[in-house]
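Next up: just one chain, as structure tokens, the form predicted on its own.
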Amino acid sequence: MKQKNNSIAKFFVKMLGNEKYQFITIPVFSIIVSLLVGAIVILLLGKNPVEAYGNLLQGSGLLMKEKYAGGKGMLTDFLSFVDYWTPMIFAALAVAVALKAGLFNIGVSGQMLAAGFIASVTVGYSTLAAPIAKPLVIIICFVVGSLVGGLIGFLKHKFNINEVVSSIMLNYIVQYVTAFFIYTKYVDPVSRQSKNIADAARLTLKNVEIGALKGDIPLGIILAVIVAFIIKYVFDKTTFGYEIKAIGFNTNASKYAGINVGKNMVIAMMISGGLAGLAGATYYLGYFCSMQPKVLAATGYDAIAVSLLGNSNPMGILASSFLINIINKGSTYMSSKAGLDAEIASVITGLILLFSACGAYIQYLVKKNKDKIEENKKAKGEA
């Protein structure tokens, strides 16, 4: 039995022991374990996990379905998936920037809604031409999100108000203030949501003919990928990025080193809020073209899990958001095809987050076993 345990330990040390690549290997290992546990849950419900996971891929446009409606196909499903994926990238980057500074921006959903609402009423309902309206929407959403995020950072810096409390309170304020104006000025009497914005201001091109198919083309995905690389560069190559990370590691040491902690916290929250605003732009004026009163987008909360899974690394976030989005986007098709409740997708997402949160403990176990194996080799060599 001891020999078997040693073999298992050696296997995991060989797979996960290289510290240079642990930022990739450990999250991947966590995802694999969580999917296996999810498969067990699906088996206990009397369903085929391989089929269920296949349905998730089919619903996301990554695998071919048995049949499609007119004008639809695997390509159009994938374009819809990318359209839904874009706001998640921005939202997760928003969470990551705040986390790097040691702050927890739980108000991403509120910042998304504030930005989307202001952009809708100023540009979305106007008659501006597309070449002017689309860039203007992006600028307005970034500015509005930055202002809300900056307010949270200012309250933290000036009055030491916990950013979690202030961001949650601002979520409620934005949620009900926007609902008031939608119900009184911008409501659609049929859908009871806000009026649809003009196509010229929308960041998703709707029903574009692609051969015999008609699909939606998301314009924001290009900007999302570019922004992810810019943030990666800022964190890795600039003095500002170094200061933000230093503040996140140790505030007191950063003050002692001469870093302006308060100023950098406010700037970090402004950038975080601005990214949340871009998430709102691609969500409310991209994937959707209206707002549901009194409802905050779940994207802002899912982004926390995505950012943690990606280790708050922009490149990791691109991969983790892609994975989580497969589960979220494909859940409806999985529910109808495999006969599973759509909530099973949330269970799988929760499992991924749970095992990802154990990443530090897994790293500790690997190091412990690695040291033990090296000690045994050294003892044998001396003998």
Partner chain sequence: MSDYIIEMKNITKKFPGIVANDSVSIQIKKGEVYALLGENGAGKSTLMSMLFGMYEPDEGEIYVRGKKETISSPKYATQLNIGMVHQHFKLVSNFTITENIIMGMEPQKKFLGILPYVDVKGSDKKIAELSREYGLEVDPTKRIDEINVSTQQRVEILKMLYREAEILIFDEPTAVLTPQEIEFLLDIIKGLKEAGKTIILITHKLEEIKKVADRCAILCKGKLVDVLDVATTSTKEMANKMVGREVNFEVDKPEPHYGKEVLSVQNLTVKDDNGFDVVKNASFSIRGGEILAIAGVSGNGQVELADAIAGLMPAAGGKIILNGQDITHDNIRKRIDDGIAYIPEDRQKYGLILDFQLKENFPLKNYCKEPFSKKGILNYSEFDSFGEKLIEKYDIRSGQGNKTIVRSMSGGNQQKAIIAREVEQDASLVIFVQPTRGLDIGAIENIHKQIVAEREKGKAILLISLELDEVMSLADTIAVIYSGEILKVADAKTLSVKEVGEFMMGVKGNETKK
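Residue numbers count along the first chain shown, from 1. All figures in this text were calculated on a predicted structure; none of them were measured in a lab.
This next part talks about the form predicted in complex with the partner chain, which is not shown.
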Non-hydrogen atom within 4.5 angstroms of the partner chain in the predicted complex for each of 238, 243 and 258: yes
In the predicted complex, the one of 122, 250, 191, 162 near the partner chain [non-hydrogen atom within 4.5 angstroms]: 250
Listed residue (78, 104, 180, 233) with a non-hydrogen atom within 4.5 angstroms of the partner chain in the predicted complex: 233
Partner-proximal stretch of 258-266, 83-91, 162-170, 271-279 relative to the partner chain in the predicted complex, 4.5 angstroms, heavy atom: 258-266
Residue 175 within 4.5 Å of the partner chain in the predicted complex, heavy atoms: no
Interface membership of residue 313, the partner chain in the predicted complex, 4.5 Å heavy atom rule: no
Residue 254 within 4.5 Å of the partner chain in the predicted complex, heavy atoms: yes
Sequence-ordered list of residues in 172-192 near the partner chain in the predicted complex, where near means a heavy atom within 4.5 Å: none
